[in-house]
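Quick setup: the structure tokens below cover two forms of a single protein chain, split into structure 1 and structure 2.
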Structure 1
């Protein structure tokens, strides 16, 4: 049974439809990320699940119990939902010590004080905060505050943990380290987690599954690999990683193969693809790292096009170039030693297995 089930969730603020028909599930022990551009409704979705906002339509089911369903006038306030939540600002209460912050959820539930001490001690130890217990919560570094927020969210053993961009207030180096630490922690507690971020690299590192959102609806749900390798829409392919997107016309389907005519430069492309129903224009995605660049002598051969070098940049561990062929510009990623001169003509080779048809299924 899923820990969280969200069905056809909708929420409008005045005329802004912040969440517009979102459905997904989070399974036991899973870390699921809500990923999308700023303003696409991630935070609102999270707040709806927490009960901090009331949905206009749709159902929210936590551990098999319907906690919100306007159609049946059902709404559990946040305190009845038994969740843990980490806020973007951490929301550490400045008038309490670290210990009191973490103990708050337990005190509210009127646990005996001996048990509170024991439980808080355990959680603080798990997060390496033992020595800070009596510190005033405002006298902590960003990373420490974040840990306190997590400790507090975990203190009362919630079935689900909600996190809203918990790393966005940290500096770049710390943020990168914390990604792995968070992942490790979530595994250790084995707690189902719904994580909001707009940083795709973060989503890739952390997630079991990613939910890509756009304008209040779900664009695609899948493992990081599925999302990256088989995006289901132009938006997803563009949003996750770098992408060369081209439109083409299917000439014919052979067994397991597809022969295309690319629109921008009128060249032929052969790629592996299961036969689909679409015969009209299709969208082809080729990742920059899957394009090979060779000497111009290689021409002509299969899937090999001449291209003009327009710009190049050095990144230390790799180089990137933008090449042009007709109306198509192709971005390629090469090793750091591959040096192409501006204005030079090279041969671009696209192996059969590199391109994918966007929105074509797996």
Structure 2
């Protein structure tokens, strides 16, 4: 069952169309991420669902009930939408204890004191904050403050949890650890969650599905694996992970194979692909980790080219190189023990299954 349904959502600020015809659903227990560059419309979409902004067009439906539809003059304010919101800044009150921070929205709703104590106690225990209940928020670490913000949102028993870049204020190491902690918490509570971020790694770790946004519209929706391995546009190919994007001219289609000539180095590339147009330019994606480099005699002759090593970098758990063949620059990711010297010529091999055909007419 869909907890949230958004249909043809539109929102403009003056002449800027921030959200332009966005549609998607979030199912029960699912974590869906809105991913994109700054200004793509992801946070505006979240704020429209929360009721912090009013949409110009389209419907927002929460658990089967329409909460916003300008065509029918319908708009529910945030307090009537049964949502939990975690902001980028956490919005933790420094003069209150952890217990008071979590209890505050329940007191606003005038719940009985006994029920407030019960709800707050349960959620603090589940988030590992029970022993910190009497501590002032100013004495908490960044990770603890983030958990308090989540606890406060969950204490209200929301239909959906909305999270706007909640890890962006943490240092890199803590942010990496909190990704896994957040995912585990979301699974434990089983609550539908819509998460906003510009961080691709964060989206890949956390999400059941990713909605990639660009210029106010949805570019692609899919699982992290689908988005990474089968991007449907040049933007998604380049935005998610590292990419070698090459244009080529189709020579022949035959039995699930495409034979094409790569522009820039005039090399022939054979790849698995469903038949498209009979001719014309195509765009091909090859991930750096799917490019093999070695001595020429150790690699198959098919899809193997000589290339000059231009740049190399060591990252501890892997190495990355930029190689050149004609006018083509090829980024390669290898194991840490593959050492290539700058200026040497190596053999580059691209297995048939590695390239992905992104589109035609480029």
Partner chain sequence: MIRLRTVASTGLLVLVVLLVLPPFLMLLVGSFWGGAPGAPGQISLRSYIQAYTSPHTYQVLLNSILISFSKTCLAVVWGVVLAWLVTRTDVPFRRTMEVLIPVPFFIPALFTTFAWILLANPHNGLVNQVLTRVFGPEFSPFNIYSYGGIIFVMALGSTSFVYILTFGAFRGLDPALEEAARACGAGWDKTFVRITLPLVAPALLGASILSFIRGIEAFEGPVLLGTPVGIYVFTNEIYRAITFYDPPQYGVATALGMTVILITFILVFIQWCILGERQYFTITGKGYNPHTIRLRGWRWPAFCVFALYFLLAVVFPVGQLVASSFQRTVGVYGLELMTLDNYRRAFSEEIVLRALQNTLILAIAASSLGVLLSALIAYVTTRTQFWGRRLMELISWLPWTMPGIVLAVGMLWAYLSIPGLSVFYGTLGILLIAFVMKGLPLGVRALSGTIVQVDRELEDCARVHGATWMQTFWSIMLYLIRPGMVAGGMLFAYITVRDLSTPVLLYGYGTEVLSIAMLQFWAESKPQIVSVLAVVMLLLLMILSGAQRWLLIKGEPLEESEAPVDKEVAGQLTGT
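The term rigid core refers to the maximal set of C-alpha atoms that superpose within 1.5 Å between the two forms. Positions refer to the first chain, counted from 1. No experiment lies behind these values; they were computed from the predicted model shown.
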### Query
The form predicted together with the partner chain: 1 or 2?
1
### Message
How about residue 162 - superposed on the rigid core, does its CA move between the two structures by 2 Å or more?
### Response
no
### Query
If you line up the core, does residue 247 shift 2 angstroms or more at its C-alpha between the two structures?
no
### Large Cα move at residue 232 between the two structures, threshold 2 Å, rigid core
no
